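Listed next as structure tokens is one chain, alone, in the form predicted alone.
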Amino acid sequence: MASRTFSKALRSPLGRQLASPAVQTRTFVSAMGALRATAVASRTPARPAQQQVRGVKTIDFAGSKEVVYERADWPKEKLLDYFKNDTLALIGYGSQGHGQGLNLRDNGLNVIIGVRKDGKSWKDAIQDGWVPGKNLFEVDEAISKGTIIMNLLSDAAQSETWPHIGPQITKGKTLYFSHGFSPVFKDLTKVEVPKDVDVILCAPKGSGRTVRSLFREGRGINSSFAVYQDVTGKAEEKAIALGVAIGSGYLYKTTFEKEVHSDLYGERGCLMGGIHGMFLAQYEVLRERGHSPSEAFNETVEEATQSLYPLIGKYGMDWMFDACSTTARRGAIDWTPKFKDALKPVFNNLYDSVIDGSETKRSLEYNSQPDYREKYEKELDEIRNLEIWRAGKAVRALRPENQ
């Protein structure tokens, strides 16, 4: 994709400065960086000298008003006081268990881990500083000690273990999920929650590793929260407080049903499945039309992930368009409706498959198979060995940070 032309930029004071002999030794890349930085500064409102005190607020999201909860509403001292009589028993130590558990521990809350003794998760937990007999236990003992049971097992494992775990969720405890999968699709998962406990959800919008890394950076991930069952009258407040405690920066209210429907739909669509399919289709056409692997990868993946997608994430689609050449803008705008019209039927079909339980049934059947790991590794090897990703490995090795 051609870079944005300099004709307009050179008419600005910075442009004239960049063109002067005093700065001609600067590279094209650094000049572009300076120009774009100036463009961003000119379009971004100046920050107040002193950070505003933030709290619960109503935000207009494209004409739809929603209440947003922020970490500022629950400072550490308030969290410690709110959960002073609670033991948070986190069951499972996969990606989310790792991220949420370590953040809870760093926030000073009384959190314990429950996993199978001497299994991989047990060993991973010990490596992260959890101590057997102190804050690391087998599942049954952890549940017996906990007042808030955080079920962070995989969806398939939640279904398999529920006949054993379910009866231990007794009156007075709170049941917490990070995904609405099990209770929403209870006809398939057989996860029928007890009627006499609060059932809540906090779903970070990212992997557990991201939950952890953003927390350590002092930021916080976006999360949604929901209440499935409110027995005490305090379920929503508890869900928000836990959302902050696990490392959320902002919290948006939803329902268990909407959370699981949007999650299954999104990860199969633009987040993972759809984007991989588009990458493969574009790359293969370029290769079939005579382009080299490096050129096909750079034009399909490298420029997207290293240049354009970060602009979308930081400033929006309009800014990304504006940062590109006039030729690129015209083509992108013209072809957008064609892609939308071609893909919308696929997305509707996907959403129907989520709603009717087909995706849940497929996931449970596949992920519950005894040789699931071996089959998954075989599928992953097939992806690793695709030409596009082998070419990508070579391209990434050339990045300055990887030299």
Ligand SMILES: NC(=O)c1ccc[n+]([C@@H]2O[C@H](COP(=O)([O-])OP(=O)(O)OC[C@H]3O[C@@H](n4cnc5c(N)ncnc54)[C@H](OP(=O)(O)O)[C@@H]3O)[C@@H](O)[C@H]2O)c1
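Nothing here was measured: the structure is a model prediction, and the numbers come from that model. Numbers follow the displayed sequence, beginning with 1.
There is another form of the same protein, the form predicted together with the named molecule; it is not shown, and what comes next is about it.
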| With the named molecule left out of view, which of 88, 152, 136, 245 would have a heavy atom within 4.5 Å of it in the predicted bound form? | 152
| field | Heavy atom within 4.5 Å of the named molecule in the predicted bound form - residue from 125, 239, 115, 104 | value | 115
| request: State yes only if every one of 277, 389 and 392 has a non-hydrogen atom within 4.5 Å of the named molecule in the predicted bound form; otherwise state no. | output: no
| So which stretch, 95-103, 222-230, 140-148, 287-295, is the one near the named molecule in the predicted bound form (non-hydrogen atoms, 4.5 Å)? | 95-103
| Is the gap between residue 302 and the named molecule in the predicted bound form 4.5 Å or less for some heavy atom pair? | no
| task | May I ask you to state whether residue 373 is within 4.5 Å of the named molecule in the predicted bound form, using heavy atom distances? | result | yes
| field | Any non-hydrogen atom of residue 194 within 4.5 angstroms of the named molecule in the predicted bound form | value | no
| task | Give a yes/no on whether residue 207 approaches the named molecule to within 4.5 Å in the predicted bound form, heavy atoms considered. | result | yes
| note | Those residues of 159-196 with a non-hydrogen atom no more than 4.5 Å from the named molecule in the predicted bound form are 160, 161, 178, 179
